[in-house]
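This document contains two forms of one protein chain, each encoded as structure tokens and listed individually as structure 1 and structure 2.
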Structure 1
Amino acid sequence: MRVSAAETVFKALREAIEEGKISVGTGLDSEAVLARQFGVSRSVIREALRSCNALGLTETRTGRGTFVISNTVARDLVLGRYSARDLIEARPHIEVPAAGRAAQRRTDSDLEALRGIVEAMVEEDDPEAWVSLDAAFHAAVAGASGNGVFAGVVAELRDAMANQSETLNLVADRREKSNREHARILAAIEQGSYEEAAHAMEMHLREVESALGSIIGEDNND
């Protein structure tokens, strides 16, 4: 399958920028020069630059030139924020099977990490730090599932949740319950039972959801 010249130039530029061969802040050669270098017309260069601009890698200023403003695709451009309702609805569908797989595939170092987090949470008094550990626990479970998709999605959800402060309002009572539920999940994962781990996670999320629901206010009807 033939690829267009514009796409070839785009890929070359993107690679050069992402690999740091062209450092952030510097300006690219002018369109005319690039056209000569790549042996194509200016239109082709311009189309390639528009692609780089769309990804947030570069920025073109009239009369001046095109400048590298980032060596990674802009996340903000791509990732929308998720609503609390969407997060609560989606979590179980991903984390429950992830916990099950974790029970089947966890390595020794996975278990070690999980135990460490669970212990730390028990002794943690500061609510903010506790919430961080909570997020770390869920991410670690997903990571232990050995499935990159689960791990990636949960990591993304964790980022989105971190920006929602409702979790902080969980009363100390609820935190203790969560600690016990986490311990139960960990035990099931240690034991290697898909069913039990998945069930323990499901129960946990259901508990958290109802606790959060009473805080947020259940206006999720459509």
Structure 2
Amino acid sequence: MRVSAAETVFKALREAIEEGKISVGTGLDSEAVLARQFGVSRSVIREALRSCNALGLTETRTGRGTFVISNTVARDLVLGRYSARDLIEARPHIEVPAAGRAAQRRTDSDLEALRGIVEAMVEEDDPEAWVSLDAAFHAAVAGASGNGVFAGVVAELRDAMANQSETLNLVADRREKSNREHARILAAIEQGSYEEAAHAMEMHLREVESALGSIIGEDNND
């Protein structure tokens, strides 16, 4: 499976950087060269490099390549426009009530879409496709809430959430747990219970926070 290949590449690069085998300031080999070295596709290399970037170990500079900028994991993850800390602090205030409202307001078509996403995630082996489905699930829950603000904010955070999900899959092996948590959220929305749906989403986000804390080695709460 590609996820195993990406994990192998990511762990090898992370270990080499943290142990000083690749020193700070060094430019990594090109994607094509790394792909040949590890015997994988360039898309697998890109996935591993994105997670190295998210951990603050490397930085990819347009037209120049990827460079090692630190030999220790950052105190916060870089996820594009927003950091992991930004998401941890903001998402419960948006997605928990959105899930609750979705339980109250979801339509048959909303439920059909959510079921389809959850089923597809369980069957999906391609890590990039799974991350895309993950983002689609959270967007669909927000859309089912019937609240344009919730839907708009989740859409704004979608890229950062996808980057976070990709890194958690490689570092903390979150895919199967996340699938189960999404299934519980869907079941609560189907039941029509605001309290149960909000609670299921809250528990999911707490698990995400815990996984992030294990990566950076600290509690994200100040």
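The term rigid core refers to the most C-alpha atoms you can superpose between the two forms while keeping them within 1.5 Å. Residue positions are counted from 1 along structure 1's sequence. The structure displayed is predicted, hence computed values, not measured ones.
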Checklist outcome for this item: Check against labels, form predicted in complex with the DNA ends up as structure 1
Item to check | Rigid core superposition, residue 45 Cα moves 2 angstroms or more between structures 1 and 2 | outcome: yes
Item to check | C-alpha of residue 191 moved at least 2 Å between structures 1 and 2 on rigid core | outcome: no
Checklist entry - Does the C-alpha of residue 22 move 2 Å or more between structures 1 and 2 once the rigid core is lined up? => result yes
